[in-house]
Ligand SMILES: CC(C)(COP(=O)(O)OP(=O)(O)OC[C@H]1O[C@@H](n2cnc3c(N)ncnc32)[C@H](O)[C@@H]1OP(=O)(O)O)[C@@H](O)C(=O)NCCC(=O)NCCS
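Listed next as structure tokens is one chain, alone, in the form predicted on its own.
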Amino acid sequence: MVEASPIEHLGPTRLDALVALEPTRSHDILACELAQEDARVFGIGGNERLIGYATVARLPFEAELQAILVAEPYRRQGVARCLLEAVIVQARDWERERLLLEVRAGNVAALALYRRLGFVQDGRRSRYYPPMGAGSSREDALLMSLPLG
């Protein structure tokens, strides 16, 4: 686990660090997420550089984990768990009934984390995700939720 790196609520001033961590999403989309009133973006890392982030959106009765990413060298060190715990606290602070997420069916590490924290599978979207690379096929999305009551 990366010590001395508290979870922070990211605001617009951290856009460049977020873009550097998440180059697959557009600058404009990330800027919108940072500015939304009904969303929170949490980050972990140093002053200039983020090593992970998570975005949660407030819905009418639920909250949804919209994104979570940890930089490759910092995976399997508890970073994602810390970020997800911050998301859960935020969803409870918003007094939501459940926290929702979707995950690639083949993402074994993420599924193990979600299950350890009490998420259960609610459904499946067949062939939802595009292929990850050459020679791969579309992948199912698993729909999961965590009751917050």
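Computed from a predicted model, the values in this text were never measured in an experiment. Quick note: we count residues from 1 along the sequence shown, nothing fancier.
Just so it is clear, the following notes concern the form predicted in complex with the ligand, a form of the same protein that is not shown.
Peer 1: Does Leu100 reach the ligand in the model of the complex if we count a contact as any heavy atom within 4.5 Å?
Peer 2: No, Leu100 sits far enough from the ligand in the model of the complex that none of its heavy atoms falls within 4.5 Å.
Peer 1: Hey, in the model of the complex, does Ala31 get a heavy atom within 4.5 angstroms of the ligand?
Peer 2: No, Ala31 stays farther than 4.5 Å from the ligand in the model of the complex.
Peer 1: Would Val87 show up as a contact with the ligand in the model of the complex if we use heavy atoms at 4.5 Å?
Peer 2: Although the ligand is absent here, Val87 would stay clear of it in the model of the complex, with no heavy atoms inside 4.5 Å.
Peer 1: Consider Leu50 of the chain shown here, and say whether it contacts the ligand in the model of the complex, taking contact as heavy atoms within 4.5 Å.
Peer 2: No, Leu50 stays farther than 4.5 Å from the ligand in the model of the complex.
Peer 1: Give a yes or no on whether every one of Arg14, Gln36 and Ala39 sits within 4.5 angstroms of the ligand in the model of the complex by heavy atom.
Peer 2: No, the candidate spot makes no contact with the ligand.
Peer 1: Just one of 120-128, 55-63, 89-97, 104-112 has residues with a heavy atom within 4.5 Å of the ligand in the model of the complex, so point it out.
Peer 2: Careful reading of the contacts points to 104-112.
Peer 1: Who in 50-69 is close to the ligand in the model of the complex, meaning a heavy atom within 4.5 Å?
Peer 2: Ile68, Leu69 sit within 4.5 Å of the partner.
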